[in-house]
Structures are given as C-alpha cells and as structure tokens.
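Only one chain is given next, in structure tokens, and it is the form predicted alone.
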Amino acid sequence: MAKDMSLLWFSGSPPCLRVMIALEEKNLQGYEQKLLSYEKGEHRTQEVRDVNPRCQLPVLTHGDNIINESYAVCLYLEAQFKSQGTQLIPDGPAQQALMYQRMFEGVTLTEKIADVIYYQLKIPEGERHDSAVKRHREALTTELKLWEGYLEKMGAGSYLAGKNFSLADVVIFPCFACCFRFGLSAKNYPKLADYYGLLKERPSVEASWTTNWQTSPPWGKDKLKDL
C-alpha cells in the first residue's frame, strides 16, 4: 500500500500511464490520486503550480518529496522500493547498459511521435507547412523502423532489454500504445504489434489502462495509419 503517496494525472497521457504502470509493478496501490482535465486547463491551477511551476503532469508526492518528470518518478520508485514488487533494473552490467540505452532513446521516440500527432494542435493553421508534415512523418517512420529492428533482433517474446520486463518497458510501452491508438498499422510493424500485444495483457498495464486511457477514440485517431 502507498498511503503516503499522491498522484496528479491526466487521462490519456503516456507519461502518466508509465508512472501508473511503475506504481503497479512495485505493488504501490492505494495511493491518493486526482484526475485533472487538460481540456479545462486544470493543470494551470495554483494547486499544480505549487508542486510544479511548469504546470505539467504527472506529479508524484511521496511524503515530503515531490517528483514531476515521469522518467524521474520511475527511477525514484525503483530506487526507493527496490526489494518490493518487480525488479525493474537488472543486475548485470550488460543488461543494465541495454536497459538504460533503450530507456533514454525513448526521449527521441516521444519527440518524433509528438511532432506528427500534435503538429496540428500546436501550430496555427496559417503557419502549417506540408513540407514540415512530410518531414515529421518521414522521421517518425525511420524511428519506428529502428525499434522494429530492435525487437526483431531480441527475438519473439522478448522485452526491450531482454527476456525480463524492465524499466525500459515501463517508459517506452506507453509511446507505442499511443502510436497504435492513433492508427499505426500492425501489418507494417509486426514486431511492434507483437510487443504491444504482449504488454497489453500484463496485469500492471491492464490495471493502469482502464483508468488512464479514455474509452472514446482520440482526436486524430487515424493520424498514423499510413506510416
């Protein structure tokens, strides 16, 4: 149980999803949580500013400690509760090296997904350029093919850093979940689709998924279908 923890989060947010998966993997259920609405601008209230001046979610509070960035939250949870629940950082140097490498490659993956999916949301209509759309889509296609190759090399039934589930999966899976949610073709990326299906059935993902992802289709639900 995690009665001395609280979480501020958005529904449909990959960063929030990864934190909730990490909490489940470390057997830290029972924490206080508050769902905020992005559409209503509830992340810009004084309540959020007091714990994160960037007005971003998730925000995890553990006792007197406040952690804002989702990667930092996941690393913190593993460090503080290392002997509890799933071991998310492997012991071997080679396994650790690969796990950290894949984990932080997720930053680039996230940026390239955002460039495609949120371009129309962030850029005013009069300032959008077809060339930018094309460039972003080509960059994301190249990135996804790279991850497809990683998984093919790992072999069937493997996780991102080996045969065991790790912190790399905690932070990267929500990125791929977002891609398939926005219409990514399983036919074009069969290894990614297999990986997505494998993790979708994991208890920590199932528990977090039902509360985190909105049941209605997202805006731009077919945005990645042609990649």
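The term rigid core refers to the most C-alpha atoms you can superpose between the two forms while keeping them within 1.5 Å. Model, not experiment: these values are computed from the prediction. Start at 1 and count along the sequence shown; that's the residue number.
Not on display, but discussed next: the form predicted together with another copy of the chain.
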Per contact check vs another copy of the chain in the predicted complex (non-hydrogen atom within 4.5 angstroms), the hit among 157 to 165, 25 to 33, 191 to 199, 60 to 68 is 60 to 68
E152, F182 and L227 - do all three of these have some heavy atom no more than 4.5 Å from another copy of the chain in the predicted complex? no
Do E105 and another copy of the chain share at least one heavy atom pair within 4.5 Å in the predicted complex? yes
May I ask you to state whether E143 is within 4.5 Å of another copy of the chain in the predicted complex, using heavy atom distances? yes
### Message
Can you tell me if Y118 lies within 4.5 angstroms of another copy of the chain in the predicted complex, counting non-hydrogen atoms only?
### Response
no
Would Q84 show up as a contact with another copy of the chain in the predicted complex if we use heavy atoms at 4.5 Å? no
Contact check, 125 to 147 vs another copy of the chain in the predicted complex, heavy atom within 4.5 Å, ordered by sequence, gives G126, E127, H129, S131, A132, R135, E143, L146, W147
Discussion item. Following rigid core alignment, is the displacement of the E138 C-alpha between the shown form and the other one equal to or greater than 2 angstroms?
Written reply: no
- Query: Can we say the CA of E127 moves by at least 2 Å between the shown form and the other one when the core is superposed?
  - Reply: yes
